[in-house]
Structure formats: C-alpha cells, structure tokens
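First comes one chain, alone, set out as structure tokens in the form predicted alone.
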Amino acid sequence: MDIPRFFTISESAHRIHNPFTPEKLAVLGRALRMEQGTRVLDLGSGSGEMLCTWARDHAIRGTGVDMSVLFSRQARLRAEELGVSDHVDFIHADASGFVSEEKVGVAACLGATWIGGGVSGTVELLERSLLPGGIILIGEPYWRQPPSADVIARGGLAGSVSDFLLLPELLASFGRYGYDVVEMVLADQESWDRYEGQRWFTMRRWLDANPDDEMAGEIRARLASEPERHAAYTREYLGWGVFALMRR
C-alpha cells in the first residue's frame, strides 16, 4: 500500500504536503486554543509536521494515519528530531474509514477529503472519532475566482468547475452539514509558490540523480510544464484553506 510514485518523488523533500507554510501551520495551532494534553487525530498526516510541531509548541498528543511508506517514515524521524516521539504516533495505513479507539479533541483531514468521498463524508468520518464539543479541521481547495471550462481543461485544476466552490459558498456548505465555522486560516499565493516551487526543485535534483529511471520522462515533462501552468492557473484561480468546525 502506497501513494503514486510521482508524489513520492516530487514531494520527498516537503515537510508540509499542502500549500501551507510553517508560519500558517503555527497560526492555525495558536488559533485553536488547544489545552495541554489535547488529543489530535490527523487522517492523511503526510510527513507529520502538524502533529510534531503542535506537540512541541502546545503539548498535544497526536495520532497520524497516512498510506505513504516514505512520508510515514519521515514523520517518525521528525518526531525524533523535535523530541516528541512519546507524544505522537504515526500509522502507515489507508485513512479511509479510520476511527480512533480513543475519542479526540481535534480530528483533522487537511487536503485528503477523498478518504470520505468528499467533504461531507470526511466530516462524518472525523466526527466518529470526536469528543462532544470537539473541533473538526478540514483542509480544502476553493475557487479564488470563477474559472471557465476552458481554464479548467488547460490548467488541469479539477475535473469540472463544480468540483470546488467559491469561498463564501464553501463556508455556507459547512452550515448545511450542521456545523459552525469557528476559525479559518487560508493559504495565499506565496504559500502556493513555496509548495509548488519545492516540487520543481526536488524534481530537478531527482532527474540529475536518476536520468535513466523509468519515471524520468514523466518527471522531465512535468518539470518543463508545471511552472508556467502554476503561474497561469493554480496561482490565479485556486485557493486553499483549513476550516475549523464545531457541531451546532
């Protein structure tokens, strides 16, 4: 069980596998007002930066679940590096359907709502692990401006315009699921630049070291096209944020 190899290659140097900077992740941690010892579940935890830094900064206790062999290993190494291995645990598994045996104060899925078949299903899944009065964190894209079907096709941003909502519509949708939005922290264009730029640099270093690999042609094609695509489409049309929800 693992994620597609392209992501293992292109994001192998990432600590955060979404368009959040360390500063924005820290802002989110402070905004949640977590008490010492709060249990946090992170489904699709990637390389564990959220749980590890929050364990260091806020003394939370966390469990992360991710299906990437590499990212799960990196998460454990990061916990050792920050001296929080006794506060966080990382499980290599498919997060789809995962429910914590011990209820948590914060249940999160940042950028992997496919595990529940979309936002609504992921919220329902996270709630199964949540203490009464707890907080759900959803990380999700939204449209910064309405794209045309042609922009979607050329930019590869989604399958269709309807895949994402404008920010006001996304916020309203949480209310229809029965939740109050109590906080949000949004990525910005600089955040997207850092996320995408790291990928380009990593792909180039990988190509230099692996010119004869069977993936070299695909990686070369991606590296040649992605900076222009990012500048023309992702940077202009696609937003991303983390939304804190509490049941009404």
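Numbers for residues come from their place in the sequence shown, where the first is 1. Predicted model, so just to flag it, every value in this text is computed and none were measured.
Missing here is the form predicted in complex with a small molecule; even so, the following discussion is about that form.
Of the listed positions (Val88, Leu110, Leu126, Ala75), a single one reaches within 4.5 angstroms of the small molecule by any non-hydrogen atom in the predicted complex, namely Leu110.
Only one listed stretch (113 to 121, 141 to 149, 77 to 85, 157 to 165) carries heavy atoms within 4.5 Å of the small molecule in the predicted complex, and that stretch is 113 to 121. At least one heavy atom of His17 is located within 4.5 Å of the small molecule in the predicted complex. A residue is said to contact a partner when one of its heavy atoms sits within 4.5 Å of a partner heavy atom; Thr38 fails this definition for the small molecule in the predicted complex, lying far away. The shortest heavy atom separation between Met246 and the small molecule in the predicted complex exceeds 4.5 Å.
In the predicted complex, the small molecule lies within 4.5 Å of some heavy atom of Ala93.
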